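We begin with a single chain expressed as structure tokens, specifically the form predicted on its own.
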Amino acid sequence: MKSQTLNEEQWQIFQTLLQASDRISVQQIVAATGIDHPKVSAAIQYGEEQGWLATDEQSREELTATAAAASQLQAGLPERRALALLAEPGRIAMRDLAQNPNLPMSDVIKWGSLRGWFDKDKGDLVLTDQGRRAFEQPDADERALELAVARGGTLFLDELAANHIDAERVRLLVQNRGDLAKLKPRTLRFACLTENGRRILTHEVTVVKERNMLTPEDITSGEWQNIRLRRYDVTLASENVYPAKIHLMQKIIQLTRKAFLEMGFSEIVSPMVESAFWDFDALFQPQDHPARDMQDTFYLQRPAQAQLPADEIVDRVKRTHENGGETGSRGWGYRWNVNRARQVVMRTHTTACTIRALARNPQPPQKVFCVGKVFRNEAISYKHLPEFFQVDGILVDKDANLATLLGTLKEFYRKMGFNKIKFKPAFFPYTEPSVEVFVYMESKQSWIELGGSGVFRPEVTRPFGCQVPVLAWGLGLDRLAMLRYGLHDIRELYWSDLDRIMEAPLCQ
């Protein structure tokens, strides 16, 4: 019978199986031989194909203690330290407990209540009978974590029964406590030799040296005759290589800048701390507009007032609000308050930047844009944040019209990777006509609104000496990034998720 040929690593793996009295896991073979897991798995698969091995799989749940678990157990978990404070009085006011800087109250109440150690009664934390018994010995999760730490950080939940630890209680107490441990399902693969495999591997095997290449010494010594060149398997998975990348949000910002610069625009900047004059009044937004309320806008206490531009500019804006001034409008018909204009705000849009640029240079032609962070008093949710990025721009030209605006925005979104764009009529306080911009998302099969735009009203442009049409737009970049990267929660853009950054395609 022809002898079976194995390389040295295969032989080492099968020798480990020969020496085992029962089935053995792939992980145990890796530990015993020091050979990489993929090579052991490949050898097991080869032996199974030859009929030498029988394999089976087992699903187990693995508990892995975090690096901080040992020190936290030694110092005492927050609820156990609170338990010590409750030992004598039996109850304590939660406000008194909260004054202890080393006791996070949310953890104390959440985990202490889950364990059954505490009850809440009229603002007090009360020790239960189960809490009194907890002084006598650690809880199941504490014992399991101590055991895991002693074993190098991991153990399987089905091993806990041998140590008289309730695995279900451990799962209940650690499954949402990532600072202490993580639970992960594991599939273990086991192998054992068949009778035929044991006979062949004992009597009918030739071991050869296998190398990637021959050395000059192998050739001159004649050793090359005992060496088999290792076959190069192009079907094997290669190692993942992650080139250096910037943050996903920063990439969108850079692509936005590149798009407008390629279209012949110049970039401008302005402060994030702005006066109400430039943020609201210069844009013909009335001083009693709801957007100026504190529930929508962040106001600063220090400094309490901002410096306004030249008196003649302030006067023209004032008259425009009150009676239309020289714009042909009737204005808003109220008494304009200069002190409200001096209020200091966190800018609510980057239009404050573009209107400053128009005031500096009202003469055509001009094409500028600004990318920056803006702030609004929004409740945090999956689609809203109190601070986000926006791109604003203006195009000043005597021949500019609505068609010019739509074409400009369509070209911008085409450069950002969106080919289906449409516009809908809208209303904004400082543009007329006004349109909202929508792009079509193939993945969602729907149209998504991404920003507003329009032609500045004369009440906005003429107080600064501009007599020609000014096209303007303000577009949100965070929502654009969400769509670009397939995110469902805007907060994901700001999480410290290195895996997402590494795995994001460079071209997307």
Partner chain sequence: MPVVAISARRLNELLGREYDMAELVDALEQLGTDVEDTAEQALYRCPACQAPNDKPMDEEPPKRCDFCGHAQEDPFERFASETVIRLDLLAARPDLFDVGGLSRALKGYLHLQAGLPEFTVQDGAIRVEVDPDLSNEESYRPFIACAAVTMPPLDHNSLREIMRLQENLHWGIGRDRKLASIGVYDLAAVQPPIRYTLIDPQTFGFCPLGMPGVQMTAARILQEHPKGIAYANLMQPYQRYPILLDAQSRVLSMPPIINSDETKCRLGTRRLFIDVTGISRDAVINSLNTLTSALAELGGQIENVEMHYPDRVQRTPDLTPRSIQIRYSEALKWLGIDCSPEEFVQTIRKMRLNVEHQQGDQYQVFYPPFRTDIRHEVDIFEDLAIGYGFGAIEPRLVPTMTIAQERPEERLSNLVRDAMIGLGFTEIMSLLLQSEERQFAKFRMQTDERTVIISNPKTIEQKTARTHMMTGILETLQKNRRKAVPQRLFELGNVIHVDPDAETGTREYRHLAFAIIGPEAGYAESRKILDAVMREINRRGTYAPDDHPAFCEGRCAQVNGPDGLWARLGEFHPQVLNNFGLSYPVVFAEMRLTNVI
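Numbering follows the first chain given and starts at 1. Since we're looking at a predicted model, the values are computed, not measured.
Omitted from view is the form predicted in complex with the partner chain, to which the following refers.
K.L.:
Does the partner chain, in the model of the complex, lie within 4.5 angstroms of each residue among Gly116, Val149 and Phe190, using heavy atoms as the measure?
P.N.:
Judged in the model of the complex, none of Gly116, Val149 and Phe190 sits within 4.5 Å of the partner chain.
K.L.:
Note which of Glu204, Glu387, Asp179, Asp315 lies within 4.5 Å of the partner chain in the model of the complex, where distance is taken over heavy atoms; exactly one does.
P.N.:
It is Glu387.
K.L.:
Which of these residues, Glu223, Glu168, Glu267, Asp96, gets a heavy atom within 4.5 Å of the partner chain in the model of the complex?
P.N.:
Of the candidates Glu223, Glu168, Glu267, Asp96, Glu267 is the one lying within 4.5 Å of the partner chain in the model of the complex.
K.L.:
Only one of 321 to 329, 117 to 125, 150 to 158, 131 to 139 has heavy atoms within 4.5 Å of the partner chain in the model of the complex; I'd like to know which.
P.N.:
Partner-contacting stretch among the options: 321 to 329.
K.L.:
State yes or no: in the model of the complex, is some non-hydrogen atom of Arg257 no more than 4.5 angstroms from a non-hydrogen atom of the partner chain?
P.N.:
Within the cut-off, so yes.
K.L.:
Taking the shortest heavy atom distance, is Arg335 within 4.5 Å of the partner chain in the model of the complex?
P.N.:
No, Arg335 is distant from the partner.
K.L.:
Taking heavy atoms only, is His164 within 4.5 angstroms of the partner chain in the model of the complex?
P.N.:
Result no; His164 lies far from the partner chain in the model of the complex.
K.L.:
At the 4.5 Å heavy atom threshold, is Asp22 in contact with the partner chain in the model of the complex?
P.N.:
Contact with the partner chain, no.
K.L.:
Counting only non-hydrogen atoms and a 4.5 Å cut-off, give the residues of 422 to 438 close to the partner chain in the model of the complex.
P.N.:
If the 4.5 Å heavy-atom criterion is applied to the partner chain in the model of the complex, 422 to 438 yields Phe423, Lys424, Pro425, Ala426, Phe427, Glu432, Pro433, Ser434, Val435, Glu436.
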